[in-house]
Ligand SMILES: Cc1cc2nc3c(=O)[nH]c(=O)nc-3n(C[C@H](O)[C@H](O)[C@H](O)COP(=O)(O)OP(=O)(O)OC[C@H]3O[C@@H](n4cnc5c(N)ncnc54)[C@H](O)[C@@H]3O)c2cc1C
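Form predicted alone, single chain, as structure tokens, below.
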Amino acid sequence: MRLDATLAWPFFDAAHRSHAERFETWLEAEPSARFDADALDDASVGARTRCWARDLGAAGWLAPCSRLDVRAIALSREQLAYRSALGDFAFAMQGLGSGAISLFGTAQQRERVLPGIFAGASVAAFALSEERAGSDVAALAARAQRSGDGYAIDGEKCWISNAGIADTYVLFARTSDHPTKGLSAFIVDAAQSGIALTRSIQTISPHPLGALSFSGVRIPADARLGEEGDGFRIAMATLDVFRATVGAAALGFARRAFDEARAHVMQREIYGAKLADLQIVSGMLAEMATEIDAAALLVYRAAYAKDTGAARVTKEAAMAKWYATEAAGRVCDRAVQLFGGRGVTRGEIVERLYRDVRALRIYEGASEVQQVVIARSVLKEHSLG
């Protein structure tokens, strides 16, 4: 994978260019980073995820998550996704699962939890969604009731990445009935009594995903992040940081699909000529290349804005996430089409990319939700202007 053209853009400084180059060298040298190494069944995906977290942490590559360097996180996710959907997933969840603690934790909370996560010794998770509350965070039903000098947590969580393998959950639960101001965030040790994995969820691209039950889980008051009622704000601010990086992962998938398709059409012969010589194929390649560059510009604009002091990048992150994931889906679809029968055959890289990219249009806010966010932002700007 070559990022030379992207790294020449003014969004990056010398430190980011150095990070990308060094990470590329490590990925090329690490046997564990081979794309095909993650062609696993659901039974082994949890162990492989922990392995990725450990390897990334031990080599120091989780450091951008510790300092919330969004451009470095995005570059890392793009490079990982190019090779390994599971490697990108493990990296992203160490960042997202710890992000709320980095942003809102006390010094004691950060010192207690974060070193193990960034070293890859412990696995993090972001326990927000429920069966009836995905993108609509205000609909959360899990409750945290005051109990003595702490809280008792009861409820169900669903669609939780790293469910069952995480060591630490950042969990969002209701402390009052107000739709948004009634939510609070907590750091929950996975070893606490009363936490159970109720089911594993199998997906078209294997990831450790599942549903959790919390029954009378007792935690101390100092496990709360921020004040009671801060949960909605904490969740949205955390997603503000990481949402654009979902677009970066989509870029990685799209670039790999484009490279595979380009190599294929340049050597595949049809009707006595190279497939690449057909005008319709040239048009498809042009569309793919343009969509990749457009997505990259949106992703790294949002990352740059956040890194350089913007208080909120809600609109920019939503644009990046929405456009990049939708564009990557189209790029991967075209790559499958160009491969013909091989494109839908298990074991082909483009077939796996087609499955890998699909979930990105749903998690951390579905595409339709991103459109609502963007529309509300531009309408608000108009009313103020």
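Since we're looking at a predicted model, the values are computed, not measured. Sequential numbering from 1, following the sequence displayed.
The protein also exists as the form predicted in complex with this ligand; that form is not presented, and the subsequent description refers to it.
Contact with this ligand in the predicted bound form, judged by any heavy atom within 4.5 Å, is made by just one of 349, 63, 359, 51: 359. Comment: this ligand is not present in this chain, but in the predicted bound form one of 85, 209, 261, 225 has a heavy atom within 4.5 Å of it, namely 209.
Stretch 120-128 is the answer when you ask which of 120-128, 309-317, 77-85, 278-286 has residues with heavy atoms within 4.5 Å of this ligand in the predicted bound form. At a distance threshold of 4.5 angstroms between non-hydrogen atoms, residue 374 is out of contact with this ligand in the predicted bound form. The closest heavy atom approach of residue 368 to this ligand in the predicted bound form falls within 4.5 Å.
Using a 4.5 angstroms threshold between heavy atoms, residue 195 stays clear of this ligand in the predicted bound form. Shown alone here, residue 150 lies farther than 4.5 Å from this ligand in the predicted bound form, counting heavy atoms only.
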